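Quick setup: one chain, the form predicted alone, written in structure tokens, and binding and motion questions come after.
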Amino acid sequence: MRFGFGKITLAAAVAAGFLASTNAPVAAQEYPHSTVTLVTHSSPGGGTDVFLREMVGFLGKAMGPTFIVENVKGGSGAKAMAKLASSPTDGSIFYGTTPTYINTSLLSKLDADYTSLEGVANVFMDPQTVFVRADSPFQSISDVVAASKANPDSVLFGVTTPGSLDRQVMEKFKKMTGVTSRVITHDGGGDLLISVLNGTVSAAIGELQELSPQIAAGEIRIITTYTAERLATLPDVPTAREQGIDMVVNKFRGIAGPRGVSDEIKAAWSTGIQKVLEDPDFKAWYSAQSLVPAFMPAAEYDQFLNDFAVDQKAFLIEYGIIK
């Protein structure tokens, strides 16, 4: 699809604009909309909500439009996917991706699922952590396992939505460790954090970007990370592997659109995301959150998402979650 620029495509205009040294990027003049909506299934304060809201100002500077975030909660991403599937493919609306929307698609029979959308760009991989309230008796994930085995009813685990990656991680964790304590799901990371703070759940899986204020305030503690190595921002926190649980989890965060978005729009996003990732102020923020830049352009990201769905389906069958 062309946008009325004569013989010059949007992709070429964007590329040329970013090579030019001007105060107003050409991308800002060429993107076909003045306002773009970024939909998330996350509740306010959840990981995707925080990620998108932090990024929108930098996106605006890099790409031109005003970006707004809309929370479309319900059905672990089902309502958000339905909204995107029926939305125009003209570059005016996109979706903040996490493994949740693929898991929800695999766990439910939906009129609109992950196949109704296509990858536009990946931005980050997001390390997963286990956190507890600051006054919790648990100092390590090993302590949690021991307490759960001694009295399963004394420990409740918290995760976000039923279709979230952390929900699947908990199933694997339980099988690997032999614990049988209950897992409580929530509408998103913000609600999960409240449950930890008020003592509803004993330990939960979360991301540093949504936990940083409470960590700084001394309200919660991180007791382990599901990373291959210790995080530079948490050098004193041992990984799950170091504590005898051989699990490494990477949660992707990116952008998808309704299936049928033009190559010109995808090219604009590719250039824009790479520019945003190099912005010194944004880099300072995401480095402090231990977010790992993992840019993928549209074709690569769409294939990544499809491969992830295949792997997740195999996982869900292996653990008896689906047949």
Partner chain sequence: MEGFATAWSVLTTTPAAFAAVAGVAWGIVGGALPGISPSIAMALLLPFTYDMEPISAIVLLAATYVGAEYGGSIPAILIRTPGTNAAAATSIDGYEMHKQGRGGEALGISLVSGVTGGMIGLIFLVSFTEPLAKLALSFTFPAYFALGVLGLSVIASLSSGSVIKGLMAGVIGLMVATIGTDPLSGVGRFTFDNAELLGGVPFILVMVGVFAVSELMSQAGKPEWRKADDAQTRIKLPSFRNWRKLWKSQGIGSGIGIFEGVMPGAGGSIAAFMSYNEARRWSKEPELFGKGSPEGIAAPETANNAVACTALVPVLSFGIPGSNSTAILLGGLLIHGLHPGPLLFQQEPEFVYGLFGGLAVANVALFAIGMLMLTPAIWLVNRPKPYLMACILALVFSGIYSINHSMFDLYVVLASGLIGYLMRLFGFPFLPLVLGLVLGYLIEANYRRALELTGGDHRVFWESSISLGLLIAAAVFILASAVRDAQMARRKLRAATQAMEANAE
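Rigid core (definition): largest C-alpha set, two forms, superposition within 1.5 Å. Just so we're clear, the structure is a prediction, and the values are computed from it rather than from any experiment. Numbering follows the first chain given and starts at 1.
Heads up, the form predicted together with its partner chain isn't pictured, but that's what we're talking about next.
Across the options 70-78, 114-122, 240-248, 222-230, residues that bring heavy atoms within 4.5 Å of its partner chain in the predicted complex belong to 70-78. Comment: its partner chain is not present in this chain, but in the predicted complex one of 147, 179, 134, 184 has a heavy atom within 4.5 Å of it, namely 184. For the chain shown alone, residue 234 is not a contact residue for its partner chain in the predicted complex, no non-hydrogen atom being within 4.5 angstroms. Contact between residue 198 and its partner chain in the predicted complex is found at the 4.5 Å heavy atom cutoff. Contact between residue 169 and its partner chain in the predicted complex is not found at the 4.5 Å heavy atom cutoff. Although the partner is absent here, residue 214 lies within 4.5 Å of its partner chain in the predicted complex, judged by heavy atoms.
Residues are counted as partner-facing when one of their heavy atoms sits within 4.5 Å of its partner chain in the predicted complex; in 289-307 not one qualifies. Residue displacement note: residue 152 has its CA displaced by at least 2 Å between this form and the one not shown (rigid core superposed).
Taking the rigid core as fixed, one finds a CA shift for residue 112 smaller than 2 Å between this form and the one not shown.
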